[in-house]
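One chain comes next, on its own, written as structure tokens: the form predicted on its own.
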């Protein structure tokens, strides 16, 4: 991978496709993959194919990918064993009048891995976080939900970061507290004692804009104690981090015991599947909360998930991503320092993020990520990044060489 300045990449076909999309799709590309959230004109808009830790866009540009489809690709794109398992099931069928054995096998596997009692399945994270909140309300007979300020739990009205179509009643019983600040949680619980059904939080804090924050020492122990004291169910939203920190769920990495855990993203290595796993005593209440979708028992994604979990365990992929991530972030810190820049590297090494100190307008961040894209390395300026088991030492070498050139240009722009 070249580290010398390159001519801007052509995104002509991406732009043509976006113009066509804008005529028939609201916003052209909506949600978290919208080009408005990256650096418009400096990033591709459409992809064509991928392999391992790389993907290609509609103009034929190749990228070393540190977003991994915003998290789902944990083993690498087009993993041969996962795709073989999926294809075998696809030949037999995917959508039936009934579940298949794969549903039972996957529920058993997740219950055993997490140390919880049962599992249900959907297609995306929002399905599961919203359903888990309903289960908590059914079990406790209470209405209120507590969540961390700036936390993301999906696109449904009670937690959506957007504004359109939301009415005040959607969030009437949802209250926020500060991450790593148990006193704000204590205040909320005191104010609404006997009314709180659940607290939902990610295992570590990853706001849409800004550095990630790991739990402070004792934070999760205090949260768990306060929830148990007040009869509040603890929901771990492990949609984003799941299976990159611990095979049994990130709660085992951070050593706390939730009542419900929600997974999606990495569970199927790119196949659409999500899961909620819960304690045995919640199973009756869970059975009373309606959960369905015509495609939610899809056998292909179930087989892909079973294969993904097997490979993650067999090949010790989580430890590998940890080591590669530590090397990547250490190299970024050293590269920035070499050019007189100060950066913050935050989050777990397998799910890292880097930002520039005192970059209040995010301009240095956007410039850096645009220069990385020009050199064939895909990073997001505002969203945390993801590593996968297909990333190699050579990939890290190439990314750090590209970063050296990008840091140099950012530093030159400040002089």
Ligand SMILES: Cc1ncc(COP(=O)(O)O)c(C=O)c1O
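Residue numbers count along the first chain shown, from 1. Everything quoted here is computed from the prediction, not taken from an experiment.
The same protein also has a form predicted in complex with the named molecule, omitted here; what follows describes it.
- When contacts are judged by a 4.5 Å heavy atom cut-off, residue 154 counts as touching the named molecule in the predicted bound form.
- The named molecule is not shown here, and in the predicted bound form it never comes within 4.5 Å of any heavy atom of residue 106.
- In the predicted bound form, the named molecule sits within 4.5 Å of a heavy atom belonging to residue 239.
- Mapping the unseen interface onto this chain, residue 125 counts among the residues with a heavy atom inside 4.5 Å of the named molecule in the predicted bound form.
- Of the residues 206, 79, 303, 147, just one reaches the named molecule in the predicted bound form with a heavy atom at 4.5 Å or closer; this is 206.
- Contact annotation: the named molecule lies within 4.5 Å of heavy atoms from the stretch 231-239 in the predicted bound form, the single such stretch among 324-332, 291-299, 184-192, 231-239.
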